[in-house]
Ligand SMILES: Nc1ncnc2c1ncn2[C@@H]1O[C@H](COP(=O)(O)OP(=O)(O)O)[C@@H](O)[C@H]1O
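Listed next as structure tokens is one chain, alone, in the form predicted on its own.
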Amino acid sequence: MRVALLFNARPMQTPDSLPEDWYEEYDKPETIAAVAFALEGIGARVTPLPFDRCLPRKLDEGSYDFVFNIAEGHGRRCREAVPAAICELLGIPYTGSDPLTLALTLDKWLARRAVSPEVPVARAAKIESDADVPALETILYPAIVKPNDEGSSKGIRSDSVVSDAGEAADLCRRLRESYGCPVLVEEFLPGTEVTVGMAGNGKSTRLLGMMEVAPADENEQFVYSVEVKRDWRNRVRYYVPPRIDQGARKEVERLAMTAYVLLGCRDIARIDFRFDGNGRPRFLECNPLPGLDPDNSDIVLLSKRDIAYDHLVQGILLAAAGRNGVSLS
């Protein structure tokens, strides 16, 4: 089987005109090589294809049987949907969720609206302009302020937790200017942060694993920010399974499965939760294009106790092939 591996390569440098974490979602060469090697292990003939304006032509002329999609695209809140939409236009089967789910989940505000009330969320407001600032008075503080349609903790820093509406308004303006998108202001949840890996489709959907993401210094107010992720070996402790009781684990698993279905996820996704002050889990976001860095991506870390990296990657292609009725031989 000829497989095109769609990706966005992380540039060596970021232009001064852009936030320094602008390309945080894009993949390193080592990740692309690791994914390709894993797929070759089940007989796929892999061609890495960077996402650019030439992609439609390259896919159309390449006679590919399947696309393994980890491309983030370009643009704003619909960017992750574009690579999948190109595959649909050309009639090439591909891994992962469809364009609707990819666009919906990148917009944190819409994703919250889609899963709630079946999956509880924290109180929040979306700020698109100064006209929306009065809505900040409805939020419980402290609150966390983050770009509404970004991933990989882009725009989330050590100063992203604010204590009142005035601080929130100032940070909202800065983030809108930097990232050119609306800002989500959400009640800060002080409890345990848990991320859940889900895989499969329909009745075969299953839990890949569940992991607690905790600060190395248990006394600090923990935010899984860009700075923390970059220094994860020193600043983060990962616990698989999470240090929560069995009842809480079952509840988080149930909510993750519910969100996976409500958002229309396919093949694989990672869903994040955080517990409120009363010990109740709240949905944060869903990532249907989870990072596959073999060293430090959350979905790799949470599943590696039971699933080798190559098998994790291969399972995504196998699930997508089965969903499309395609043989890998």
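Residues carry their position along the shown sequence, with the first being 1. Nothing here was measured: the structure is a model prediction, and the numbers come from that model.
A second form of this protein, the form predicted in complex with this ligand, is not displayed here; the remarks below concern that form.
Peer 1: Quick check: do 19, 21 and 77 each get a heavy atom within 4.5 Å of this ligand in the model of the complex?
Peer 2: No, because 19, 21 and 77 lack any heavy atom that approaches this ligand to within 4.5 Å in the model of the complex.
Peer 1: Have a look at 178, 152, 258, 201 for me and say which one sits with a heavy atom within 4.5 Å of this ligand in the model of the complex.
Peer 2: When this ligand is considered in the model of the complex, the option within 4.5 Å is 152.
Peer 1: Check each of 144, 114, 103, 86 and return the one that places a heavy atom within 4.5 angstroms of this ligand in the model of the complex.
Peer 2: Of the candidates 144, 114, 103, 86, 144 is the one lying within 4.5 Å of this ligand in the model of the complex.
Peer 1: Can any non-hydrogen atom of residue 107 be found within 4.5 angstroms of this ligand in the model of the complex?
Peer 2: No, residue 107 is distant from the partner.
Peer 1: Indicate whether this ligand has at least one heavy atom within 4.5 Å of a heavy atom of residue 285 in the model of the complex.
Peer 2: Yes.
Peer 1: Is residue 230 close to this ligand in the model of the complex, meaning a heavy atom pair under 4.5 Å apart or at it?
Peer 2: Residue 230: no contact with this ligand in the model of the complex.
Peer 1: Answer for residue 274 alone: is it within 4.5 Å of this ligand in the model of the complex, judged on heavy atom distances?
Peer 2: Residue 274: contacts this ligand in the model of the complex.
Peer 1: Tell me, please, which stretch of 95 to 103, 201 to 209, 154 to 162, 128 to 136 lies within 4.5 angstroms of this ligand in the model of the complex when heavy atoms are compared?
Peer 2: Looking at the other structure, the answer is 154 to 162.
Peer 1: For the stretch 180 to 201, return the residues whose heavy atoms include at least one within 4.5 Å of this ligand in the model of the complex, in the order they occur.
Peer 2: Stretch hits, in order: 186, 187, 188, 189, 193.
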